[in-house]
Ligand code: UDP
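Before any questions on how it binds or moves, here is one chain, the form predicted on its own, in structure tokens.
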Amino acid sequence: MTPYDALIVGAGFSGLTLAERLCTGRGWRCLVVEKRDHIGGNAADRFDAHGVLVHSYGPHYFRTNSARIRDYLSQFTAWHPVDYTILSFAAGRHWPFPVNLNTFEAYLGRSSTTAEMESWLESHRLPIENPSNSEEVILSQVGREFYELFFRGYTRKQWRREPRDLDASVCGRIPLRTVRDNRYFNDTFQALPKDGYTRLFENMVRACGDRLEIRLRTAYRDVIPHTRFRRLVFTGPVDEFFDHRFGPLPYRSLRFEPESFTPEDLNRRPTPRDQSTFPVPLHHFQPAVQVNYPGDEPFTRIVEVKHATGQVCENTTIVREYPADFAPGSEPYYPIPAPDTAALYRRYEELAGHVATHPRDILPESCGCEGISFIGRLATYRYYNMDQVVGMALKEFEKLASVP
């Protein structure tokens, strides 16, 4: 049996960050197994047949307030700074989103002020002191008009649940501003890897040298019986790891529908009715990197990531994103934040906590495993941003670095 210090399941942000730290920071020999045919997990990107750099699994807008996380990743990439600007297409027109003073002026059909918007919000908000779900969060922030216009339909499509049945954190992530600020995020650092996420991951792997082995198209259950390792790091779905002992955790999946355009294709498109307010740049399909569709359309958003990457290319590619039920064979993109799912996860969390220090209760004794780490969005059933996942991996490294 080939001996390793760590067997890491999953080659996404969490798995590769921990692999890099263990290999270069501790000199461990690590094996990473990945069921897909590429590294990078859902953050992987690629050049499509039309020469456009696209995010393979939906847009990944990197941002962080942590200088530590920024500096760590900066070892492996230069950055392309970007302010992510998003629009919402509702009632037959584009709107600045998230809600800010520009959105309010569009709603009024005239110029306004911060003071007037604050007064309007105060008179339209519902007096909910401690919102307990996503519907109450939005109603307590912007009132029913904007809730119905921008939030309810989108949330129902995305999660296939009413906002009132989702944790307050789902819609609580979206900022509200009463000034002219169309940026989607408030984070101090907002950028994309200059040469793409996949190149960033390749540089992380390269830094590990021969201490890191990666096997793609490999199921971890096929590897475990034939491998010795001191530590198992699991970044996949926690319920899958335990063979759905307490029943399957619910996830939301996605279907992506790409469409590419040449300059000739774009020239044949009709001019958008609000082109003067939201102009579409040359060699682009739409006026912003992301346009949300909270209405009756079957998709939730159209993403044209070329707006954010800054790529100079006459062709362009958009991706329509369709939420889907999770089923065997599909990808579990989003844990569903809700009271019932949290209750079910707590049972898996307790079990994971036990086997973390008693790995032989679930793994063959021949592995020699001394402990198990569960990190990442799926392994902890949490809706984390990329920087949070990196931070989790760095924290786990500090823990493991103290192991003799």
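Numbers follow the displayed sequence, beginning with 1. Here the structure is a predicted model, which is why all the values come from computation and not from measurement.
From this point on, the text means the form predicted in complex with the named molecule, which you will not see here.
Enquirer: Would you mind picking the one in 106, 174, 128, 214 that has a heavy atom within 4.5 Å of the named molecule in the predicted complex?
Expert: Filtering the options by heavy-atom distance leaves 174.
Enquirer: Looking at 326, 76, 95, 159 here, can you tell me which has any non-hydrogen atom within 4.5 angstroms of the named molecule in the predicted complex?
Expert: If I apply the 4.5 Å criterion carefully, the residue I get is 159.
Enquirer: How about residue 231 - does it come within 4.5 Å of the named molecule in the predicted complex, if we only consider non-hydrogen atoms?
Expert: Residue-level check for residue 231: no, no contact with the named molecule.
Enquirer: Evaluate residue 170 for contact with the named molecule in the predicted complex, applying a 4.5 angstroms cut-off between non-hydrogen atoms, and reply yes or no.
Expert: Although the named molecule is absent here, residue 170 would touch it in the predicted complex, with heavy atoms inside 4.5 Å.
Enquirer: Does the named molecule come within 4.5 Å of any heavy atom of residue 316 in the predicted complex?
Expert: Although the named molecule is absent here, residue 316 would stay clear of it in the predicted complex, with no heavy atoms inside 4.5 Å.
Enquirer: Can residue 227 be called a contact residue for the named molecule in the predicted complex at 4.5 Å between heavy atoms?
Expert: Close contact is absent here: in the predicted complex, residue 227 is far from the named molecule, nothing within 4.5 Å, heavy atoms only.
Enquirer: Heavy atoms within 4.5 Å of the named molecule in the predicted complex: which of the stretches 308-316, 206-214, 151-159, 112-120 has them?
Expert: In the other structure, the partner sits against 151-159.
Enquirer: Quick one: which residues from 292-316 get a non-hydrogen atom within 4.5 Å of the named molecule in the predicted complex?
Expert: Residues within 4.5 Å: 292, 301.
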